[in-house]
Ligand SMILES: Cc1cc2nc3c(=O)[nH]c(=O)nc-3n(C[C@H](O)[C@H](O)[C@H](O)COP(=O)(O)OP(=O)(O)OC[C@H]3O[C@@H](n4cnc5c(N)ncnc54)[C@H](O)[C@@H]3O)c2cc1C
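Just the one chain here, the form predicted on its own, laid out as C-alpha cells.
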C-alpha cells in the first residue's frame, strides 16, 4: 500500500466516524424532544378560520343573568364542529334562525321560523361567542311581548343547539388607538359597547375611552361589577353611568355618576375638548335626539357611528341620502306574485308596502341587518336612507329598508 492510499484510507475512516457522531447526536436530541412531549395528543396552535358561509350549529354552553332584575341574559355559544372561531370586529352582531312556537290558532300551535340579530357582547375569542339578550315585555296590553327575546329567556337552555350566521355588520370600533372613543349605550344598547370596551382593554389598554351608559336604575344595570372593576383597574377608561329613575337604595357616586339621560348637554359638560370617535346604540328616544345633536354640535359625520333599534329611524344631517326626498307615483311590479302596484310614499319601506298589499315576503330583523328580505331586482333601482349592515350582491336589494327610486320590477 502506497503512502497516498494509506492517507486516503485514514481520511475516509475519520469522515465515517464524524458522520456517525453527528447522527448519534441528532438521534439523541430527537429522542429527548419526544420524551419531553405529553403522552396524550394535543392540538397544535393555528390561526382562527375565516368566516363561514350560511348557517353553522352552535351549542349553548352557559347562561348568565347580567342584571339584578334578571331581564338581561348572556348566552355563551360554542361551535358544534369544535373548530376555532374567526375573529370579528368589536361591535358586530350574530344572526340566528329560530323555530318559535306561534300563538295557538284554534288551539293548535305551529312552529314559526324567524330570523333575529343580536350584538356580540364580548371581545373576540376563538373558543366561544357571547350575546346578551334582554327580555322585551309587551309595550302595551294590546301588543304581544318580544317573540324572539322571550323565546331565548324561556326556552333556550344549556345544551340546546342554535343555527347561527357568521359575525357581520358595519358598526364596529375604529382600531386607531390615537383617536379617543366615546361609547354611548342606552339600555340593552350596552351590548356592542361591551364588545368594544373589552377589546380595547385587552388590546389597547392605554387608549382613552369614555363610556356613557344610560338606564333607569341599578336593577337594570347590566355588567355592573365588571364595568366598575375595569374602570378601577384602567385609568384610561372614564365611566359615566346615568340613571333616569334611581332606586331608593341607589347612591350617586357609587352606583351611578349622573341622574337624567345621556344627552348632548351631558357630553359637553363632561368631555374635554378634542376630537373623538362617537359610537352610539340604544332605543329610539336616544338615537333620534343624540345622533342628530352630535352633527349639529359640529362633530363630523365620519366620526359618528351608530346602531339603533331600527336604524332607519335615525336621520343624521349631512349623511348621504338623508336629505333625499321620498319618491311617489312609482310603478312597482312583484313578478312572482303577479302584482303591479303604485308606490305612493306612505310606507316606510318596500317590505311594509308589500305587506300592506297582501304580498308575503320573508323577513327577519326589519332593519337591514339579517338579509332575510334580500330580493333580486329585475329592473329599476332602490334607495336607502343609510347603508344597510347586510352586504348583498349587485342587482339585489333589501326590502325592509329600501324604497323605490325608479320604476321597479322585483322577483318576489
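Positions refer to the first chain, counted from 1. What you see is a predicted model, and the numbers here were worked out from it, not measured in a lab.
The same protein also exists as the form predicted in complex with the ligand; that form is not shown, yet it is the one meant from here on.
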query	finding
Answer option from 139, 260, 235, 274, heavy atom within 4.5 Å of the ligand in the predicted bound form	139
Listed residue that, although the ligand is not shown, lies within 4.5 Å of it in the predicted bound form (heavy atoms), from 244, 337, 148, 288	148
Heavy atom contact within 4.5 Å of the ligand in the predicted bound form, the stretch among 226-234, 201-209, 328-336, 184-192	184-192
Distance check, residue 117 to the ligand in the predicted bound form, heavy atom within 4.5 Å	yes
Partner contact for residue 365 in the predicted bound form: the ligand, 4.5 angstroms, heavy atom	yes
Contact label in the predicted bound form: residue 308 to the ligand, heavy atom within 4.5 Å	yes
Contact test in the predicted bound form: residue 222 vs the ligand, heavy atoms, 4.5 Å	no
